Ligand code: GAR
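Next up: a single chain in structure tokens, the form predicted alone.
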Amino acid sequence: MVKFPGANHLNVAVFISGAGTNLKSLIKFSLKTKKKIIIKLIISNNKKAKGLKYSKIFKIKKKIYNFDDKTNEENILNFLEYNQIDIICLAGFMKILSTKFIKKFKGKIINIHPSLLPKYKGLNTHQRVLDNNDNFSGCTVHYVNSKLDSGKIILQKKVKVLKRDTAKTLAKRILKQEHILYPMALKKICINL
């Protein structure tokens, strides 16, 4: 759990690479918290990310960075510091953050992953679940550390795998649960708000 001494609100940056559906659910949740949780920044590595539209819709500052260019890392960290970001939510962010970056925000970066970790770290989770004939899959919100999808688990939600499931149908049902789970996890770690 993260305590933010003296803070009566939490400034959040959400990192995205794609459609931003988890970003949207986090924004909607933040609007219900009476300004206790503020989505202050949307950061993306992809200038074509559809989720960037939420910047305009909800009037949130956005920034696009090339995360492959390591010289940008200092700029990103400075920008986060300048905006007094307390916590980073990775939401469909398809880049691995450097150890230095993670250390700078130690215990203050969380991620949502479409499997029941520690099973199926990395990509193609839904197909791997089906290939192994698992009865359940789901999603996990966890802290980010320097090992891929290995940080301490905050919350998980199980989803039953149906006989007729394809990777696409399973992904769709799990995504619905992600939209519920991510705000719950954010609320859980903000114990003094």
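Start at 1 and count along the sequence shown; that's the residue number. Source: prediction; values computed, not measured.
A second form of this protein, the form predicted in complex with glycinamide ribonucleotide, is not displayed here; the remarks below concern that form.
The shortest heavy atom separation between Cys89 and glycinamide ribonucleotide in the model of the complex exceeds 4.5 Å.
Among residues of the shown chain, Pro183 is not one whose heavy atoms approach glycinamide ribonucleotide to within 4.5 Å in the model of the complex.
Among residues of the shown chain, Lys108 is not one whose heavy atoms approach glycinamide ribonucleotide to within 4.5 Å in the model of the complex. Interface residue remark: Leu175 is counted as part of the site for glycinamide ribonucleotide in the model of the complex, having a heavy atom within 4.5 Å. The stretch from 97 to 105, 80 to 88, 111 to 119, 67 to 75 that comes within 4.5 Å of glycinamide ribonucleotide in the model of the complex, counting heavy atoms only, is 111 to 119.
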